[in-house]
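What follows is one chain in structure tokens, specifically the form predicted on its own.
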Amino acid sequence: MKRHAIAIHGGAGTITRNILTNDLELAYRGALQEAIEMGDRILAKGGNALEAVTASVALMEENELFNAGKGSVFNHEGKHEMDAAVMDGKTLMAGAVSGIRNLKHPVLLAKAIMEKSDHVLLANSGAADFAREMNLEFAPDDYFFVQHRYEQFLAARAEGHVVLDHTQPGDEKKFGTVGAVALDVHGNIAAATSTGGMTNKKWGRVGDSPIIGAGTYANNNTCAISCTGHGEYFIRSVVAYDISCLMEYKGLSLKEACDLVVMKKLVEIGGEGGLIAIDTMGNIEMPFNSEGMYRAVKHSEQDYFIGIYKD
């Protein structure tokens, strides 16, 4: 029987044991377990990697613990602008959306853009028009209202700065994004990423998540990657594609390429965050240069692993 595997993340940053209460840690672990099991069930039944990563990310978009979908942070106008992307490693087809509002599952729109349009990236009102044509589900502002996110927004706006995200209950830094990468039994890999971006962001700011090659990438010849971190640095470094290139052109292993980019190249320019990556052999890497990263991994016929802290 051919192997399958999946990894997910729910954001990186200053995540330490003294920040999370026991109840909150259990909630995060439960949410990660639910999402990893969702994708694993699809893979175990012979489903493809793209279906698995989309389903896992869509489930995390429904959980207000994560800065994506329902739990998205507030922008400067007190609204929610969400980004997402998917990529199929077999075909190199990709779909992405930026600045979408009031859509329950931005990742499903990214997938529809890939499969049902002639484009890769749609944004703002045009993306919303396409989502309606695809009969995707919208929700009122109340659906996306999370009290602690709103309090973070008020504090950030009062201080006049942009905040990457927060981890309850303190004000410590967290890069809020969710993502998944997977290998299916057919030997194909895929990646998906979704985020609400930065608290108090202005001017239609876009991070790395919907930019193919920066925050999301998949290629059967190399790897599938979903990133989480300070998006501006990941864009400048073209992080996801850089790892793929190091594997393709320099012959580095997945681990070697991930470590070089995340632990050295990003650090040298001040970029903080992490990523999840998988290759067609089922190798999975989850490096991060921050204090922690919500993450989980499941290989076929093996128990899942869930991690939060650096250790």
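The structure presented is a predicted model; accordingly, all values stated were derived computationally and were not measured. Note that residue numbering begins at 1 and tracks the sequence as displayed.
A second form of this protein, the form predicted in complex with ligand ASP, is not displayed here; the remarks below concern that form.
Only one of the listed residues (205, 76, 104, 119) places a non-hydrogen atom within 4.5 angstroms of ligand ASP in the model of the complex, and that residue is 205. Only one segment in the set 180-188, 221-229, 127-135, 148-156 has any non-hydrogen atom within 4.5 angstroms of ligand ASP in the model of the complex, and it is 221-229.
Residue contact check for residue 197: one or more of its heavy atoms lie within 4.5 Å of ligand ASP in the model of the complex. In the model of the complex, none of the heavy atoms of residue 89 sits within 4.5 Å of a heavy atom of ligand ASP. Using a 4.5 angstroms threshold between heavy atoms, residue 209 counts as touching ligand ASP in the model of the complex. Though the partner is left out of this view, residue 176 does reach within 4.5 Å of ligand ASP in the model of the complex, counting heavy atoms only.
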